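There is one chain below, alone, in structure tokens, taken in the form predicted on its own.
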């Protein structure tokens, strides 16, 4: 098969391999979306008289076949094709002749790849949000289950005030939910149609760009055609930036679980089915999955920086540099989804040891609560502070491991959790379900044979 731009001049083999890069591999994830966008584009070309209406059934049939093959990894993209766009057009030309040759009218591989990335990205961001909500639900449940399991609360890695294990899990649940608006913003940024921008400067045809946007379920057309091309790389960077929010929460949670499950702390134990052994030390069970969650979070931050650095200094228009933003975008979305998914078995099988948390507390950990007990009896705060500070260990009255119960204002460890997290979970699920249904309708409508 020939390259779409090939005019017969030979291309040195090492240059060909270098410029193609990982596109044949990465585009396997995009081909189904490229085929869907091609079908919408073809329907618009029929409307403006570039394609005959009789050609549309054949194009729909072949593009549907490509979609089916791509979904099971059976659509071939060879090095000679360079990318999925070329493989797709070559396939259509081989099977349909001139219909396949005409389908590229009014577009460039530039807006083709942006369309495929945005369509893929919409689905992938919804996948990430669904996984985030499932993980948040689990953390919220653990927060309720273990809300009275006392553990030390830390600042500066030193014991600070008595807290509970459930309070820690509830904090991570709320933190994960805070990432949802970031991901919604990424979705809305992706949900704009680039098709018809061609190489960035439009074409001398009466393209109906709104028609294509409507067929593909995009919320609107990204109007300025050069702005479309300038957005390549920035969309990838912004989406990866949104993914940082949940990944950062997970890396910190992983670190907490690693430390709390050490032999020295022992507040919790990790189940054998989520840990690995040592090839030399028979007693060891290692928290490899949590360590790799931390490492994957670090790699995601690197992917965000990679996309930003590739994009940042380019002049207006398309440049081949932007080909390299595809990998961090696709891999970052996959990795974030996997992080949110893989942490759940760890949490579901966690064994809690309430006695270890209580025994770990130093006598002075209740010092701040003692200060406020005295304040409640009328003593000025600073006077009480100085009195307790003279000998915190002996100044504390009562059981310091139970002191968290007296902190009952909104959001404190002793207060019963409000319904805010539940409302936010339900609202986010409703939003995802609505967007998912709209996208499924697009696929059904475009691939319908009638």
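Numbering follows the first chain given and starts at 1. All figures in this text were calculated on a predicted structure; none of them were measured in a lab.
The same protein has a further form, the form predicted together with a small molecule, not shown here; the description that follows concerns it.
Asker: If the cut-off is 4.5 angstroms on heavy atoms, which of these, 113, 293, 257, 216, is the one near the small molecule in the predicted bound form?
Answerer: Exactly one residue meets the criterion: 113.
Asker: Under a 4.5 angstroms heavy atom criterion, identify the one residue in 146, 337, 122, 326 near the small molecule in the predicted bound form.
Answerer: When the small molecule is considered in the predicted bound form, the option within 4.5 Å is 326.
Asker: Give a yes or no on whether each residue among 85, 109 and 320 has a heavy atom within 4.5 Å of the small molecule in the predicted bound form.
Answerer: Checking in the predicted bound form: 85, 109 and 320 are all within 4.5 Å of the small molecule.
Asker: 160-168, 247-255, 216-224, 77-85: which one contacts the small molecule in the predicted bound form at 4.5 Å, heavy atom to heavy atom?
Answerer: In the other structure, the partner sits against 77-85.
Asker: How about residue 140: is it within 4.5 Å of the small molecule in the predicted bound form, going by heavy atoms?
Answerer: No.
Asker: How about residue 232 - does it come within 4.5 Å of the small molecule in the predicted bound form, if we only consider non-hydrogen atoms?
Answerer: Contact with the small molecule, yes.
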